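Next comes just one chain, in structure tokens: the form predicted on its own.
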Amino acid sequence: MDSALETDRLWEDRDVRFDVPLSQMKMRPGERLIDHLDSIEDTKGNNGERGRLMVTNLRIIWHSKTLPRINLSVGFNSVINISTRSAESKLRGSTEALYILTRCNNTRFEFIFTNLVPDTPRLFTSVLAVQRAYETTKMYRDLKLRGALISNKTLRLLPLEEVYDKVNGVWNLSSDQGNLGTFYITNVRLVWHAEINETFNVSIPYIQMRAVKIRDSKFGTALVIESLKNAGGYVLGFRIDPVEKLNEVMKEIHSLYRVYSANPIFGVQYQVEDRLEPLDQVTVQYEEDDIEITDDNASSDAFVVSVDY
């Protein structure tokens, strides 16, 4: 039985993109607008241009007010460093600005944003606070091997996480003998750990799953989970007996994946004090650009199981 998941690859938090079409400025499922500021200058790239800056739980979006086709999308995962220093703005002169250093596809980009409203630290506080919240919630979004996932044979739950099922007697097929362990199926991810060594484990968020299949292996019928290329391109194999139970687990994973995909939980929580306007009131409408953006080719690594295709 095959089942390739209908995955909308999460790029918003990982990429740096310039002059994107309207479709890529819209919030993806699970993305939330946290703050917006209406008088922000892109001092390095568009000095003298007044624009709007939006902070979501995944990225920073800036666009020119006079020509919204001029815009930026800066994912928080690409950020290397955030600092404040003096900058020369055509609209404000010498003033304190927000410097953001990023890296995407082995290329570094620096952005300088200046708040044109004097005597307000909101630009700095919002971006810095959301970046910190993003960095501390990567378990919601990243595949993790051999992490601090288990304590006393119990899953360490994330703040917004709920366990829907615990399945004992699950063999991980990473060695010639296999390793007996336990599945935790939650609303965010699938976690497996070995019974005799809790540090031998894997956490697979639904957002990083490419396919869930049942395949023949040298161990017999196996549940095979493939991760996306940007998550390492891993092939993870598990055996559950009897086969009827294996089919039940796969159906449960698919069901929870569909629920998750409709409204993903990315884990980033932050709320500014001021009340925000609805997103449609702060997003400028403009014609769709015919732009093609090619994904980078991440390296693949068969991590767990050898299966017969």
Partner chain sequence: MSLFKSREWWYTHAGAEEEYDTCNLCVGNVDNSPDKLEKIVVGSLQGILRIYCPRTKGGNHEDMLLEYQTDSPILGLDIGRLVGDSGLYLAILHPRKVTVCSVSVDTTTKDTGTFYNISQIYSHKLERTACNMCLGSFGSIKNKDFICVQSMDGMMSFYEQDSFAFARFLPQFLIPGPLCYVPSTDTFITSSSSNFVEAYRYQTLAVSTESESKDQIKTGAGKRLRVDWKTNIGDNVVDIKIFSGADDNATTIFVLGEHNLFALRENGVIRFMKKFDFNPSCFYPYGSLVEGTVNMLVANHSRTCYVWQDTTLAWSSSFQHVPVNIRILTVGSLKGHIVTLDETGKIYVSYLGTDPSLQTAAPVERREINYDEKDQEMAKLQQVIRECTKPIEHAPKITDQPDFSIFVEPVNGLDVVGVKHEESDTEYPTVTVKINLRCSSKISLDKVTLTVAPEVPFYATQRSVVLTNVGSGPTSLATFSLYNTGQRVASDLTVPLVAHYTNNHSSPRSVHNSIHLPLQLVCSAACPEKSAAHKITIETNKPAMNLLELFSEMNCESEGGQNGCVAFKTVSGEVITLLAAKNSQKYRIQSNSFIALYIIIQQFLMKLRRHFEKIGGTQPLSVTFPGPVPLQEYFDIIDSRFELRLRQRSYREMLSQRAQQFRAIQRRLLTRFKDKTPSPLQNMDTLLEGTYQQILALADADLQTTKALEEADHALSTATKLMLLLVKLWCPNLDDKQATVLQSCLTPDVNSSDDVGWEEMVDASITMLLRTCLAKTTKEQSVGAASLKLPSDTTKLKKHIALLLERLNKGGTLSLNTYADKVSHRNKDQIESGS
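Positions refer to the first chain, counted from 1. The model shown is predicted, which means the values in this text are computed figures rather than measured ones.
Although not depicted, the form predicted in complex with the partner chain is the subject of the following passage.
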property	result
Candidate from K26, R258, K44, R50 lying within 4.5 Å of the partner chain in the model of the complex - any heavy atom	K44
Sole residue of K166, R215, R122, R146 within 4.5 Å of the partner chain in the model of the complex, by heavy atom	R146
A211: touches the partner chain in the model of the complex, heavy atom cutoff 4.5 angstroms	no
Contact label in the model of the complex: N230 to the partner chain, heavy atom within 4.5 Å	yes
4.5 Å heavy atom contact, Y234 to the partner chain in the model of the complex	yes
Contact label in the model of the complex: Y184 to the partner chain, heavy atom within 4.5 Å	no
Non-hydrogen atom within 4.5 Å of the partner chain in the model of the complex for each of R103, S174 and T199	yes
One stretch from 190 to 198, 158 to 166, 68 to 76, 114 to 122 that, in the model of the complex, holds residues within 4.5 Å of the partner chain by heavy atom	190 to 198
Residues from 125 to 142 in contact with the partner chain (non-hydrogen atom within 4.5 Å) in the model of the complex	R132, E135, T136
